[in-house]
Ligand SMILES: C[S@@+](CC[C@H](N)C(=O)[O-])C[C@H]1O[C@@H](n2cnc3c(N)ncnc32)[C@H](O)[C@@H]1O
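First, one chain by itself in structure tokens, the form predicted alone.
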């Protein structure tokens, strides 16, 4: 392993070889992805150039290129980037990739994008989102969009488990972050309110919308819940669909989807 690689980079490199298998077998994750794609596709122009942050193994990049878009996929983990490279060779030439932290986006040279996309909480590895968003004006075309899928501080599903899980159910409220453990590596995770996300963008960015993701329905870590309680799962999912765009549920959930438009 690279001696200077950060703990998150180490953890996700170790996870990269079995990431896709775990993802495809998780019905909750698949349901969440479909909601995310519906949100993004309402904003994408035809044949868009997309910059993806924390792209993982390229699952989302492959999805968007299949729709005719081009994706520059970035990730800090060499293992994840290697997986993207293998898929690119086998599938299409619309994906370019680069091992890169989302705080080092100034290393992307002479390229501009219609959309910047970050999925499933990769940005929860930073305590200050301004370290990321400061680079966006140099990368986005006027009128371009940014969508973050990020873990907020309030997750009703986790809070409902307070009796069973004790203090762990309130971990998102720790302002100094909380320690995450993945694949034998330990690193801090930070949870961001909608207000703090909005404050990380300067006045050139216009807030478009936010929506809750898995508000009352189960989180991905309870991937057997739909099989064990199908009727309850359907009911909770239907409630999510009705509530996710309304206050305060548009800022609560396992994740929230938040979109801005660049209007220089």
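Numbering follows the first chain given and starts at 1. Small disclaimer: the values here were computed from a predicted structure and weren't measured.
Form predicted in complex with the ligand: not shown, discussed below.
Taken together, the three residues 215, 219 and 254 all stay farther than 4.5 Å from the ligand in the predicted bound form, as judged by their closest heavy atom. The shortest heavy atom separation between residue 115 and the ligand in the predicted bound form exceeds 4.5 Å. Taking non-hydrogen atoms only, residue 33 approaches the ligand to within 4.5 angstroms in the predicted bound form.
Taking the partner from the other structure, the ligand in the predicted bound form has a heavy atom within 4.5 Å of a heavy atom of residue 55. Using a 4.5 angstroms threshold between heavy atoms, residue 152 stays clear of the ligand in the predicted bound form. For the candidate set 95, 125, 140, 129, a heavy atom within 4.5 Å of the ligand in the predicted bound form is found for exactly one residue, namely 125.
Residue 100 is the only one of 194, 108, 169, 100 with a heavy atom lying within 4.5 Å of the ligand in the predicted bound form.
Stretch 55-63 is the contacting one of 40-48, 225-233, 197-205, 55-63, since its residues have non-hydrogen atoms within 4.5 Å of the ligand in the predicted bound form.
Contacts to the ligand in the predicted bound form (heavy atom within 4.5 Å) from stretch 71-89: 75, 76, 77, 80.
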